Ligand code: TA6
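A lone chain, given as structure tokens: the form predicted on its own.
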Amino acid sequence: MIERLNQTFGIPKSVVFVRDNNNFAKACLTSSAGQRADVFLHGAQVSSWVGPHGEDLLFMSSKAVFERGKPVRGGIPIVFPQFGKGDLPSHGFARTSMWEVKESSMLTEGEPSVTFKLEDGPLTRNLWAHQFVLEYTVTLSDKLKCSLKVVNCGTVPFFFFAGFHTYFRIADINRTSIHGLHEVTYLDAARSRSYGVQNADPLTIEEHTDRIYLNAPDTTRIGDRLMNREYTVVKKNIKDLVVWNPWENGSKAFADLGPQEYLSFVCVEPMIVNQKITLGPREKYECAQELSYR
């Protein structure tokens, strides 16, 4: 399979397909700006985003499970068609499905782009009885852009939730700040889904945090004071933003997360949560996030 992928979609020095130590097939993108990104075919999940100085900007759990049909803790899992728990597996099935590579290209010199595709089949229809196509495009320059397109291929409408469950690597959660959410109303999932307003500016994480910021601004910044680094998250055509860290007790509850690893990441997630998207037959929906740092 790897040989076929490289023959069909490989771009010398820019897009290469390999198998990693866990036997997961992945696309490895390299930009002329010196950045690298890896994307698993499992879940079309971005597993690594490396800056020009060799630092990985995404968190991956040391206890992540690499098995077909199971979610991988870290990177950028895709949420679809369900957010959180419900009738489907938690956060839906997109992040645990095997995707195909649809195409690869160079948008500009030194800016590789790969598009992955997931279509409904027997496995998905056993969970969610709808016909659909998902296309997920990862583009790398001096930024990392993730774009998701959802198409209703059936004859009846369906609704869904979706988004990008991004794990940012940080040096210490106690010295991390999130800017751009001042006076935004949030739904506090850690406190019986009560409502609140973000009064502190910036937001700092000091306990288990699971907040859905409603109609959040399109640009959010994450300050990592120990690393003297700032991430910028720009969301497109997505209203809400989730901020999540399980803190110490929450970390211990996850078998695929080290007990102290809550210190090393924060999830800032452009997400469709509060208002579902409804698509009629042959209609489509597109959204994106663009990540950068300095």
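In case it trips you up, residue 1 is the first one in the sequence shown, and so on. Since this is a predicted model, take the numbers as computed values, not measurements.
The protein also exists as the form predicted together with the named molecule; that form is not presented, and the subsequent description refers to it.
- A heavy atom within 4.5 Å of the named molecule in the model of the complex is found for exactly one of 262, 231, 59, 244: 244.
- This chain appears without its partner; in the model of the complex, the one residue of 165, 130, 169, 221 with a heavy atom within 4.5 Å of the named molecule is 165.
- The named molecule is not drawn, but in the model of the complex it has no heavy atom within 4.5 Å of residue 105.
- Proximity of residue 145 to the named molecule in the model of the complex: non-hydrogen atoms within 4.5 Å are absent; the residue sits far from the partner.
- For the chain shown alone, residue 135 is not a contact residue for the named molecule in the model of the complex, no non-hydrogen atom being within 4.5 angstroms.
- Proximity of residue 83 to the named molecule in the model of the complex falls within the 4.5 Å heavy atom cutoff.
- Residues with any non-hydrogen atom within 4.5 angstroms of the named molecule in the model of the complex fall in just one of 169-177, 109-117, 196-204, 90-98: 90-98.
- Contacts between 52-76 and the named molecule, taken as any heavy atom within 4.5 Å in the model of the complex, involve only 73.
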